[in-house]
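Just one chain is shown here, as structure tokens, and it is the form predicted alone.
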């Protein structure tokens, strides 16, 4: 990992986006207040709107007061933070405007050296990524064109392409302009404290790791549920759908964290090697068996959302049964469910262990009721629970499931960082463990492409808002 640099400039493409307002500016402000940013830093917003520096600062101030009112606890400090904000207006498709950005970056160099360490953040729609990257290269701002020392890096938001072909094309474009160790493909789930704890939980506890195999585990269930719809992202969802939006990244990254082998060490490449092996080992899907393994749904009323086609067949729910064809997990089903407008908002992982060979304390079918489970809750709770069977008080021998639970909030006094705090710091420091490598991106797209091809032409099943999803989703458990 690199040391904290003496100076730092982050250039945010999509400076007026919802992501920048809700996540990036609050995170950067708090990191500055906590002393995690260099004393000399700048934040340069890039967008199409014509704004002077002061107008941009006022706009950021207003958005933070509206969206993150608890963040600004000291107006004097925030005023100082705003003095580090600058703005460059350009058409992202026109190379000429990037020369103005180059000038803005380099003009400060003689006095402060602020062009030494540059981090480009693409908070833009994914189809703009190749355009921006090529124009950075043309303007002399690519990662392989260092004119004033230091480093240059780039953060690219998901979805990273639309399918395997476009992901490979984007990898080829970005690979010409930046080296792989300069590229940070971000998935904010990987910055969540409970997600980062999965590897620690598995590999630092001797009571679990020996049992973490097909010999003892019956199945794994991963749920990513939201009790709200697509909100104002109709145009995006019509292009993406849930398989591209959640399954290709969040869900498969959680699956890889649960299923990976122990890395040889804790370097970024060693950890990412093991995750890539898991994704490469996932059994592909074919039309003749997809009906048993895939259920797609669409919530009622989706077609009435803004910017959604009245006859849309885009999925807002997916339930998929995955198999990992390797030594550890052969024939263990991984049930992954994700959806919009469901009954709850939660992300959790449930590892269910096999029942004992003989059940002395009830009928054989009752084992599923008390089967041992490890339950990893990512949100809204941040907990780890262990379920086991215990005798109910009384003369009769009746077994009930009981729980032992660990809660981050009650067990630790210090507050953890948000995902964007952590991932921004990781990118500045050059730590890539919590970012997705090129091969994992392509393996994940190959999986999702095989799902989409296997169910092509099958319309999603409608499900009521705030329900558990399509009724037919139960068939993937058979």
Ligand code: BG6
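If you're wondering where the values come from, they're calculated on a predicted model, not measured in any experiment. Residue numbers count along the first chain shown, from 1.
This protein has a second form, the form predicted together with ligand BG6, left out of what is shown; the following refers to that one.
Q: Report yes if all three of 202, 383 and 406 come within 4.5 Å of ligand BG6 in the model of the complex by some heavy atom, otherwise no.
A: Zero of three within 4.5 Å in the model of the complex.
Q: Counting non-hydrogen atoms within 4.5 angstroms of ligand BG6 in the model of the complex, say which of 275, 250, 117, 185 makes the cut.
A: Comparing distances to ligand BG6 in the model of the complex, the residue within 4.5 Å is 250.
Q: Please pick, from 280, 99, 158, 348, the one residue with any non-hydrogen atom lying within 4.5 angstroms of ligand BG6 in the model of the complex.
A: So the residue touching ligand BG6 in the model of the complex, by this definition, is 158.
Q: Heavy atoms within 4.5 Å of ligand BG6 in the model of the complex: which of the stretches 396-404, 240-248, 202-210, 290-298 has them?
A: Among the candidates, contact is made by 240-248.
Q: I'd like to know whether residue 189 contacts ligand BG6 in the model of the complex, with contact meaning heavy atoms within 4.5 angstroms.
A: Flag for residue 189 set to yes.
Q: Do residue 233 and ligand BG6 come within 4.5 Å of each other in the model of the complex, heavy atoms counted?
A: Heavy-atom contact with ligand BG6 at 4.5 Å: present for residue 233.
Q: At 4.5 Å between heavy atoms, is residue 307 in contact with ligand BG6 in the model of the complex?
A: Looking in the model of the complex, residue contacts with ligand BG6 do not include residue 307, since no heavy atom lies within 4.5 Å.
Q: Using the partner position in the model of the complex, report whether residue 226 sits within 4.5 Å of ligand BG6, counting heavy atoms only.
A: Residue 226 belongs to the contact set for ligand BG6.
Q: With the partner left out here, which residues of 333-348 have a non-hydrogen atom within 4.5 Å of ligand BG6 in the model of the complex?
A: Sequence-ordered list has one entry, 340.
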